[in-house]
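First, one chain by itself in structure tokens, the form predicted alone.
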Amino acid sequence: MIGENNQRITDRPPGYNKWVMVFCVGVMVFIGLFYYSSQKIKYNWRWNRTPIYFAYEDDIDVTSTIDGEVSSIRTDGGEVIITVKGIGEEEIYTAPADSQQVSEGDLISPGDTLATYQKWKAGLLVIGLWITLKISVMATILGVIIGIISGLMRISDNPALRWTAMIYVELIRGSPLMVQILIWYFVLGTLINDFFYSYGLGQVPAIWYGIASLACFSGAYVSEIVRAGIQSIHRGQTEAARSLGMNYAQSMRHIILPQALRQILPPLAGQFISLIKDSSLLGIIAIREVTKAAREAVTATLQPFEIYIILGLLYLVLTFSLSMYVQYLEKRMATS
């Protein structure tokens, strides 16, 4: 191990340490200029107020919904159970122990506070980040399925399948993602929801139209990646699989696709990293992903510098984690 480290050090080009120092100085100069510019516009940095966007302690009030009298208060484990008895009705309320604000025999009106306690809740950015993750994962899974199917259709000998996949890919790749999101939500969404409403069914939430738009968008690019990966495998591999008695589906599953996966994994990862960033456009159809949550926080607190810097770091953590995981998969596949 020591020998390998020494070898790495000796393999470094002349002046390596000098250029490392130049890089570090450049980063420090950029940070300094950014801070100096913020001071020139008299911006008041308030980093101490940013933790509430990740988690905060909220005051919870348990209020009565009926008119009556507190008939009993009893403790069961870590909870207090308050019973309010009215004329011909009775309600039972639970809260953490020792949080009650009433006593037995008190007269209660609707809206009166029975107990008050504090509870930790997820902040605005954490809620938005969770929605972004959920959308990205589901859109990625659907995008892979669509991309593999359409990629196989692109190389099919059946002209109907091949032309259908070609039209799909060209339509999706030839229009902006924002336009596709608007079409999915305002055009297709209206038609689908009206159809469901006419049959007495529920409405489809906006988040599913956002997932569908991202999945179809990424599926078109995955289709081309899959097609190129399959065509990069030598034709002799298919012929060898056929000579062993495999049909088309078996040769694809056991021979071609496992080899193509090694070729397509890096561009596939790049596509999904872009998908995470593209999810920020879903704010235009009222989906509170992390970018929309950040905009709401800026509107409420007028802290654009801190919140947008945190937003950029959150996206960096997501994309960098995915990139590192893909590199791990590449190493595993290279040694297997």
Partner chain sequence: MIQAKNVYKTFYVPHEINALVDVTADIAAGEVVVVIGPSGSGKSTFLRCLNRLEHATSGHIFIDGIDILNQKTDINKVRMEVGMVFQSFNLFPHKTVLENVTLAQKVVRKRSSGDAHEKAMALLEKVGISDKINVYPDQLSGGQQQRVAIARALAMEPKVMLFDEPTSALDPEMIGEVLDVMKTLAREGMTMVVVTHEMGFAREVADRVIFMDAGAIVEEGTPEHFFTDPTHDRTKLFLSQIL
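Numbering follows the first chain given and starts at 1. All values derive from a computational prediction rather than experimental measurement.
Beyond what is shown, the protein has a form predicted in complex with its partner chain; the following relates to that form.
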I'd like to check something about residue 129: if you look in the predicted complex, is any of its heavy atoms closer than or equal to 4.5 Å to a heavy atom of its partner chain?
no
Whether residue 246 contacts its partner chain in the predicted complex should be assessed with a 4.5 Å heavy atom distance threshold; does it?
yes
4.5 Å heavy atom contact, residue 239 and its partner chain in the predicted complex
yes
Hey, in the predicted complex, is residue 121 touching its partner chain, heavy atoms inside 4.5 Å?
no
Using a 4.5 Å heavy atom cut-off, which of 214-222, 90-98, 252-260, 111-119 contacts its partner chain in the predicted complex?
252-260
Can you list, in sequence order, the residues from 115-136 that come within 4.5 Å of its partner chain in the predicted complex, counting heavy atoms only?
none
